[in-house]
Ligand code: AMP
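In structure tokens, the next block holds one chain alone, the form predicted on its own.
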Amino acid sequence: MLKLYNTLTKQKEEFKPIVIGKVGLYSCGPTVYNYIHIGNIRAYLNADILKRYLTSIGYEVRHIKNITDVGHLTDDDIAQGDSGEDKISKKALTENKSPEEIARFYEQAFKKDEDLMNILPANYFPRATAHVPAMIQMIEGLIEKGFAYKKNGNVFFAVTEFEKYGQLSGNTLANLKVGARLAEHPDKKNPWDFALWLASPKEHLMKWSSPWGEGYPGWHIECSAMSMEYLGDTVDIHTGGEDNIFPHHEAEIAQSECFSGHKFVNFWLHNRHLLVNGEKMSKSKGNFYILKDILDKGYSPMELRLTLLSSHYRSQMNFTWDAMEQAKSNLQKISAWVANLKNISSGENDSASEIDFVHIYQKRFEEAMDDDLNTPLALSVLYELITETNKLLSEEKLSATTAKDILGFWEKINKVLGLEIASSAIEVPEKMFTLAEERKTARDNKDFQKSDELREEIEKAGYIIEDLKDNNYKLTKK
């Protein structure tokens, strides 16, 4: 039974779709004015794991991930996010290109990064610019119903007309008024009202005709318009980073429910921020990384994927190069294990005793994933299985049949984990990992003489074992 933590209700709930066997999933996609950073990648990976697991337990998932190519302003992290310059227009002026050239270039860069990370593509990647008519229609409906008002070519949503405003973030109007320092827009009735449509100055690069004059949509309205077009009035699951909770997702709920008269989203899933060496990512601090930076350091996309999966999505993650080294070692261990299973399963050695323990690990893996997508716990189940397999190998008790069963289990769970294991990446033989595991056991038992002997055996074979934090190790070729 899958349980997910719902940001709306602040508790884990049993997941039940609107339509039996089908799931409508909406993810906030990128604003295509720059390369996505590793914090963004974490959010998209979270949605990918959710989608993969839902599929693995029998659901048909319809996944929508929008492309924000208009309306996202530079002051999106301040108050209601409706001030500043359009990020794409600003980039276009800086690079002396058209907004469309900027948007298409970074949209393709985003999709390439997702492909490298083995993030499954969404069913649709709707662009905001292609859905401006739908946004205008929605804004007109909100005005007619008394939830929005227009002035001087601008249209704002009146938050005081929606009693449940603040239910997702806790930023109710009463809480927002305490210590508020928000500069009031001259056309707003309430400083916390947010823009649905903004009048554009003559020099603005991106603008459309509307009943209120030339302008462009606010950032929040696009997701409501596109999710409703592709998934209907009510969405099963909506994902995003915790920075989207307010004001973006709070605004989505308000405008969507006021327009349709129905609940907008049943389950809200938000991943926590990613820190780098304990600090918020910042270009000025030199700790702001995109995927290319990771690759330039000599790491692979799969090592980054494994690093991100090693932390629960609702935990604040601290990215470090030590963690990447650990992931590199673990991926190497998995690769060698898979290669060895393939070798044994292709043989005819059924003389060893049959040991049926795969179903135990499968149950534990599913229990971990059912508990709000607990990927760290799910990975620990995999690592325990590798240790158990290595033990059977050392005792010559692993038959071809058992190896096939374990390999089948791996292939099943890897459809969820999404780790691409290339044979060319296998640099260390399985025997070395078996010796390393024996050495780890010796160290745990404080048998340091045996530990030293095993280290020497590993080094004589041409490999180096390096002890890492948390009783882990790293194996490399000399």
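No experiment lies behind these values; they were computed from the predicted model shown. Sequential numbering from 1, following the sequence displayed.
Keep in mind that the form predicted together with the ligand is not shown, yet the notes after this line are about it.
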Please run the contact check for Y44 against the ligand in the model of the complex: heavy atoms, 4.5 angstroms, yes or no?
yes
With the cut-off set at 4.5 Å between non-hydrogen atoms, does H37 touch the ligand in the model of the complex? yes
Is there any non-hydrogen atom of N271 lying within 4.5 Å of the ligand in the model of the complex? yes
Does the ligand come within 4.5 Å of any heavy atom of I64 in the model of the complex?
no
For the ligand in the model of the complex, the stretch among 210-218, 365-373, 272-280, 401-409 with residues bearing a heavy atom within 4.5 Å is 272-280
With the partner omitted here, the residue among E161, D243, D187, E140 that in the model of the complex has a heavy atom within 4.5 Å of the ligand is D243
Residue within 4.5 Å of the ligand in the model of the complex by heavy atom, from C28, L54, I413, L435, is C28
